[in-house]
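Heads up, the chain below is alone and in the form predicted on its own; it's given as structure tokens.
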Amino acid sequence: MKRRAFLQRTVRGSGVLFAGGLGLLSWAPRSVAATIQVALGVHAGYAPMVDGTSAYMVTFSGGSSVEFPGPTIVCREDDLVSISIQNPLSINAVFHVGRTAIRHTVGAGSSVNFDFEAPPAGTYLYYDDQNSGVNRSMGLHGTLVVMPAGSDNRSFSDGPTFVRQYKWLLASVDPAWGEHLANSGVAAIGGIDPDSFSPRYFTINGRSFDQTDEPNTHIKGLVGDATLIRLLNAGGMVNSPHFHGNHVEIVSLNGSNSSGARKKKDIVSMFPLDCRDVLLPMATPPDAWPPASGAQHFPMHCHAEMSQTAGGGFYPHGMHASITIGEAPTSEPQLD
């Protein structure tokens, strides 16, 4: 398709296992804090790409094989998060929560258990911070969402209300790095030059368009269903999601929340490690002629030219997603 044509579990109580699957974004508030138990593994192997090829990756997984991106962890303020990680590989792995002092190493061929108190409400990237971003870009990353205590429709205590929320975890994949590890062994990851990064695939929640046309990424809602989008950039490139139909309001930038007047943008710059929460008003486009009615369909596409394609030039198989205003989702989004 030509570019021009394209542009025309709720957690309750203690002892809850939360990694390795899905977590409802329709969060139900709890009156008391809980212990959230998370089991992760560090795995290496091939993950499918949009053009039918596979890329060798190293990831955090909830099961026994590669999972890209890693499982999402959802908790609320004051929860205790209890993590267990098994690492059968021949390299050390690190679990670090961005913007916090939470950092634990799991040695090669070993396991580790640790606890931490949930940080303040917000959106966090957890990742392996070794080798100047190489390990993170190879796939060792995931999302931590911390909900405010007692709320199911705000991202922080005095933040704007929303009807539903989505997570868009952005990433970029260099299959040449992966093949180097596949041929030389995962220990070779420490010798990769971070400046050699040349991504060929650009993903949202591990998928490129049109595989992003699924309930956790394709944004849908009735007119007026204000929608929170948690944007995270785990990749090594700057991305610029561009929203058609509505501007978005910047709710939070790397833990700095906007309780009052908020900037409105149609393009949101996402630097590596950025976490930005934005509010999509799901309003009828004010300047449409003839006036918009019924379900209206709009794209989000990245304004970084390289990430508009995948597999070396397939458009629009890159960092793209769809937005439908005026149609309720048949399946509510989950933190996939």
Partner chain sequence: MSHGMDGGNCPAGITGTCGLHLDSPATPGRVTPDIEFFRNTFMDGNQVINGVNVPIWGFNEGGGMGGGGMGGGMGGGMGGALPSSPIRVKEGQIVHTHLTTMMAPHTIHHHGIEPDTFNDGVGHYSFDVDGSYTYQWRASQAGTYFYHCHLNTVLHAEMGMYGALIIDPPGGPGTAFTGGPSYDVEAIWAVDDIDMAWHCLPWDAALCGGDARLNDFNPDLFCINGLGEDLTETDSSVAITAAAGESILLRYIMAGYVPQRVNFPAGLGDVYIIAEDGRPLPQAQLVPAGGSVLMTPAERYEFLIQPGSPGTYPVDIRFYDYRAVSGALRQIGGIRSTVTVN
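Bear in mind that the values here come from a model prediction, so they are computed numbers and not experimental data. Positions refer to the first chain, counted from 1.
The form predicted together with the partner chain is left out here; the points below concern that form.
Engineer: From the list 104, 164, 180, 242, which entry has a heavy atom within 4.5 Å of the partner chain in the model of the complex?
Structural biologist: None of the other options qualify; the answer is 242.
Engineer: If you check 39, 304, 50, 34 against the partner chain in the model of the complex, which one has a heavy atom within 4.5 Å?
Structural biologist: The residue in contact is 304.
Engineer: For the chain shown here without its partner, which stretch in 104-112, 245-253, 82-90, 183-191 has non-hydrogen atoms within 4.5 angstroms of the partner chain in the model of the complex?
Structural biologist: Stretch 245-253 is the one.
Engineer: Is there a heavy atom of residue 238 lying 4.5 Å or less from a heavy atom of the partner chain in the model of the complex?
Structural biologist: Flag for residue 238 set to yes.
Engineer: Is residue 126 part of the interface with the partner chain in the model of the complex - any heavy atom within 4.5 Å?
Structural biologist: Residue 126: no, not in contact with the partner chain in the model of the complex.
Engineer: Contact with the partner chain in the model of the complex for residue 116, defined as at least one heavy atom pair within 4.5 Å: yes or no?
Structural biologist: Close contact is absent here: in the model of the complex, residue 116 is far from the partner chain, nothing within 4.5 Å, heavy atoms only.
Engineer: Since only the chain is shown here, I'm wondering whether residue 74 would be in contact with the partner chain in the model of the complex (any heavy atom pair within 4.5 Å).
Structural biologist: Output for residue 74 is no: heavy atoms all beyond 4.5 Å of the partner chain.
Engineer: Hey, which residues along 197-230 are within 4.5 angstroms of the partner chain in the model of the complex, non-hydrogen atoms only?
Structural biologist: Residues within 4.5 Å: 197, 198, 199, 200, 202, 209.
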